[in-house]
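Before any questions on how it binds or moves, here is one chain, the form predicted alone, in structure tokens.
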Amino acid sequence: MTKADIVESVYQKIGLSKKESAAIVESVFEIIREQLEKGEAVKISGFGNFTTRNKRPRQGRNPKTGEEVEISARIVVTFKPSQILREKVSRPSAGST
């Protein structure tokens, strides 16, 4: 699913114009982005948690040459789904065998 697909779903479910639906979706993503940039966790009840985590520098290997390289420290975004989302995703759908 792409951002355009999400906009289309909002458009069809809410009934706003496509332009308004796109603005809402973009606003939600921007709010999440801003909080993560500040290092704040984003908790969406019934969906999951987005958090940032510091990764230390480490040794890696270039798979092509086998040469060892230093992988620099960085901040990564992690997502942990809620128990509700995990249950819904793992539940077999009605059409599957």
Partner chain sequence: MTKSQLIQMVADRHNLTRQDAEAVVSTVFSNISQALEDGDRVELRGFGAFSVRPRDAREGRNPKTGTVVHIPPKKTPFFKAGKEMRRRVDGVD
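Numbering follows the first chain given and starts at 1. Here the structure is a predicted model, which means the values were calculated and not measured. C-alpha atoms forming the largest set that superposes within 1.5 Å between two forms make up the rigid core.
A second form of this protein, the form predicted in complex with the partner chain, is not displayed here; the remarks below concern that form.
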*asked:* Please determine whether Asn62 contacts the partner chain in the predicted bound form, using a 4.5 Å cut-off between heavy atoms.
replied: no
*Is there a heavy atom of Ile31 no more than 4.5 Å from a heavy atom of the partner chain in the predicted bound form?*
yes
*Any non-hydrogen atom of Ala41 within 4.5 angstroms of the partner chain in the predicted bound form*: yes
*So in the predicted bound form, does Lys18 come within 4.5 Å of the partner chain, heavy atom to heavy atom?*
no
*Go through 13 to 29 residue by residue and record those having a heavy atom within 4.5 Å of the partner chain in the predicted bound form; state none if no residue qualifies.*
Lys13, Ile14, Leu16, Glu20, Ala23, Ile24, Val25, Ser27, Val28, Phe29
*asked:* Superposing on the rigid core, is the Cα displacement of Lys19 between this form and the one not shown 2 Å or more?
replied: no
